[in-house]
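Only one chain comes next, encoded as structure tokens, the form predicted alone.
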Amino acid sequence: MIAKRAEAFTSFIVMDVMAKAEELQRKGEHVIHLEVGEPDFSTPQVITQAATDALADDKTHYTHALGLLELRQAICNFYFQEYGVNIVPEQILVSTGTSPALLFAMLAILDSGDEVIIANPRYPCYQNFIRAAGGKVKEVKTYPEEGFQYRPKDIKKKLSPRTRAIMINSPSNPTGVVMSKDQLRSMAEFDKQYIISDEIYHGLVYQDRAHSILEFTDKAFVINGFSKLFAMTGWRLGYCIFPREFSKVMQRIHQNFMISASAFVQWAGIAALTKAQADVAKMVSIYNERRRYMLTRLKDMGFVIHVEPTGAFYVFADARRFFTDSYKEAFRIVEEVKVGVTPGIDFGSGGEGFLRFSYANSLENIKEGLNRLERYIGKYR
């Protein structure tokens, strides 16, 4: 018999769309992928060379359960340089991607029945990490005209004695919106709860800069990694920064469930943080060019962009003038015109009527994909 908790896990619909797109590709169709949030760039050579060197030097054994001290120190240096915050290596857990890091943070703070506040819409997997740790989800509705950002007064209405944490994500998936200093400061005022800040898209910002929640509070768990900024999705390397009193428990959790992240991959992470700045700057410039093009085209087609994205590599477009069922429409689009898009319902009921477009693809493919979409809209709508 399948466990009730496992049965309650929700689908990650974008992966279903991608599976359909790949099925069409196997039949010889040319599919344009605007659904998947994965950099199309190769990992910078300076990073792959560091991994090769580590393998040649036999750096293939277990590391400390919290991660290589050298990598944890490099993360400390990175957060000081970028945000002016002081953390120490004992506050960092390095794991095989950000997903385990987020799960272990939930395991560290949640007892059965404890609550975590999340926005609606939000990244689809958050609720499943909470449920896996025995917690309960408390949704807060957000609004498109405000960039789907929290209203503190709405959070207060959801608070209870069992509320242990508030989940934030900036730059955001799916919206690409970056939280301002004032918005982050307002989150830090909830000092009876932990703030769990998903900062995986930090560095992919096209106006001003992103701020870390650690600039405003120490009572926070920060989730970050190397997949998005450094084009290292397949390397599976992420980390969690946490309050210092959690050091031993995070170490014990990781010892039991993962032992350690791959040693040679951690050495590659050090190179990413210390040697890949020029490569990152080039990628960010190209993403920005694609972002501007996609925004213009989608607006011209009649999509509504309530708040322009200035981070990550997504545009969350309001398509309610065209349809009401984003799930059916996304699959119809991929089948009819061979363009993968993510239905807004994947991110919660508040995303219904929207489509998420990823510009983590070449400008040539983006142009072709949007041309096909424009023909589709003209034909059916």
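The first residue of the shown sequence is 1; numbering continues from there. Remember, it's a predicted structure, so these values are computed and weren't measured experimentally.
What comes next is about the form predicted together with a small molecule, which is not displayed.
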Have a look at 121-129, 180-188, 253-261, 146-154 and name the one stretch with heavy atoms inside 4.5 Å of the small molecule in the predicted complex. 121-129
Could you spot which one of Q266, N173, S197, Q91 gets a heavy atom to within 4.5 Å of the small molecule in the predicted complex? N173
Consider the chain as shown here, without its partner, and state which of R236, K141, K158, R297 has a heavy atom within 4.5 Å of the small molecule in the predicted complex. R236
Touches the small molecule in the predicted complex: R72 (any heavy atom, 4.5 Å): no
Give a yes/no on whether H202 approaches the small molecule to within 4.5 Å in the predicted complex, heavy atoms considered. no
Indicate whether the small molecule has at least one heavy atom within 4.5 Å of a heavy atom of S99 in the predicted complex. yes
Residue-level contact is defined here as any heavy atom of the residue lying within 4.5 Å of the small molecule in the predicted complex; does K228 satisfy this criterion? yes
